[in-house]
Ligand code: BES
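First comes one chain, alone, set out as C-alpha cells in the form predicted alone.
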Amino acid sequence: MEQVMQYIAANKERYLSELKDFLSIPSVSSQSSHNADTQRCAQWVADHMRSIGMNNVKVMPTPGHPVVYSEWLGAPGAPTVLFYGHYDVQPVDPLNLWDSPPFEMSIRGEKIFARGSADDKGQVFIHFKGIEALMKRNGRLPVNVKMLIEGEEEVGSANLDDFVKANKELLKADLVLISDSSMFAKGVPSICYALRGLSYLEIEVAGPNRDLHSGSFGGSVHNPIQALSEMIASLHDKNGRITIPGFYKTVRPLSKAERDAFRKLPFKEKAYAKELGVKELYGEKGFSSLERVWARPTLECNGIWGGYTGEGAKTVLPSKAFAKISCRLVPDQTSGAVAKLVEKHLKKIAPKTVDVKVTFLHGGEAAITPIDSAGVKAAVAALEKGFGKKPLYQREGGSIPIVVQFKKLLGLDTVLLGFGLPDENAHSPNEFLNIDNFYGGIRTSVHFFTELPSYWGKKAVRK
C-alpha cells in the first residue's frame, strides 16, 4: 500500500493533465449539436479504461448516446463491484457567467473549474486513477470490477433501463459503487446511505362549466381556487404533520444510532435559516431539520394556478384551478400506494360544490443501504484512510433513480461514495471540484477496493 500511495503522489501533475483532456470534450448530451463530441468522449473513456488495465472494453450503442463497459475479473473468490458513472454533462448557459471557459480546465486556489469537474467526469476519473495505481504497483486488483459509464444521465437515462435489462448477465455483481454526490461539507468526509423517493401528482378542481363574471356570479358559486386552497391547507396540521390517513403507516423509523449520527454533523439550524433567508424553520414537530429533510416523508405544493394572472385586472371567477403536489418518500413507502392515498383523501375532503381529478404523473422509490452492510463499512474505512479523519453518516433528501433501478433490475445495493461539495455549482456556471477532494478521492478509491474483501467475508460472489 505504501508503494501505491507513493505512485499516486508521484503522478499528481499527470493526473491533472489527463483530467484536463477529459474535461475539454463538450459532451453535452441534451444538445444534438454536440452528438459527435459525446461519441468522442465515449471513445476517450474506452481508451482510458484500456490504458489503466481494464479488459473487455466496449463502446456499446443505445438508441441514444453509447454506454462504455469494461471489466477486470482476476480476483477469484473476491466480491465484484459494479462501478457506475456518466461522461455526459449539462449545458453551459449562461456562458457570460463563467469566470473561465467551461471546457478549459482552470485551477484557481483549491478548486478545479470546468463543466463536468464534479458532475460527474471528475469523480469517475478519481476511480480510474485509483484502479491505475493498484494495477501499476500490484499488477492486479483486490476485487473484481465492472465499469458502466453512460452518456445520458443528464437527460434522464432514457435508454439505461433497457440496456441493463438486456445485459443482466454481463452486469452481474455483488454491489454497486457510485461517486456522483457530495460530502456533507468541506473537510467533513461523509457517507450517504439513503435517498428519498417521490410521488408526483397533479390536481384539477372544476367548478362552473365556464369562467364567470365575478360581479354577476360571485357569492353564488364556490370558486375552484378557493376550494383547492382550502383542501391543500388542510393537508398539514398545526404540528406540520400530514393529515392523510395511512400516510405514515409504512414509514421506517430512524434508529437511535442514525439520529445520534446526524447530531454529530456540523449543522446549525439558525445558520441554515439565515442562509435561506427565512425568519424561522418549519416542519414536522419532534424532528430536527436534517431528520425531516433526509428521513421523513413530506407533501409539498409545487405550483398552483387558475383564473387570470396576466397584466392588469380581469374580474373572473375561474372554471378550474390546478396544483402540482410532490411527496418525498422514505423506506418503506411506495410511490403508487402513496399516490392512491392522496387521491382518495382529496376526493373525500372535496366540497360537493366542485369535482376533483387527481393524476399520478411519475414516481420513484426510496433507496437505503444499511449502515452496517459490508459495502458501507468498507467505504467508511476507506474514507478515514483517504482523508485522515473518521467520516460521518448522512442521507440525501433527493432521489437518484438509477440507484432504485439497480436494486430493482439487478438486486444490488449501492454504496454512494461522493467527493463533491454542496456548493460545487453542479449544473451552474463555475462548476468545480475541490482539489483536496480529488486527491483524497483517489486515495479513498484505492482503500475501498482494498478494504472490501475483508468486510465482505465469505459471502457468495458473482462475476
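Because the structure is a prediction, the values reported are computed rather than measured. For the two forms, the rigid core is made up of the largest set of C-alpha atoms that agree within 1.5 Å on superposition. Just count from 1 along the sequence shown to find any residue number.
As for the form predicted in complex with the named molecule, it is not shown, yet the points below apply to it.
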(request) Spot the stretch among 106-114, 180-188, 229-237, 336-344 with residues whose non-hydrogen atoms come within 4.5 Å of the named molecule in the predicted bound form. (result) 180-188
(request) Give a yes or no for Arg328: in the predicted bound form, does one of its heavy atoms lie within 4.5 Å of a heavy atom belonging to the named molecule? (result) yes
(message) Against the named molecule in the predicted bound form, would Pro401 count as a contact residue? Criterion: heavy atoms within 4.5 Å.
(response) yes
(message) in the predicted bound form, is there a heavy atom of the named molecule that lies within 4.5 Å of any heavy atom of Leu195, even though the partner is absent here?
(response) yes
(message) My question is simply whether Gly156 lines the interface with the named molecule in the predicted bound form - judged by any non-hydrogen atom within 4.5 Å.
(response) yes
(request) Let me know the one among Glu132, Asp174, Glu71, Asp119 whose heavy atoms come within 4.5 Å of the named molecule in the predicted bound form, would you? (result) Asp119
(request) Scan Arg40, Lys58, His427, Arg50 and let me know which has any heavy atom within 4.5 Å of the named molecule in the predicted bound form. (result) His427
(request) Tell me, please, whether between the shown form and the other one the C-alpha of Ile400 is shifted by 2 Å or more, with the rigid core used for superposition. (result) yes
(message) After superposing the rigid core, is the C-alpha displacement of Arg328 2 Å or more between the shown form and the other one?
(response) yes
(request) Determine whether the C-alpha of Gln123 shifts by 2 Å or more between the shown form and the other one once the rigid core is superposed. (result) no
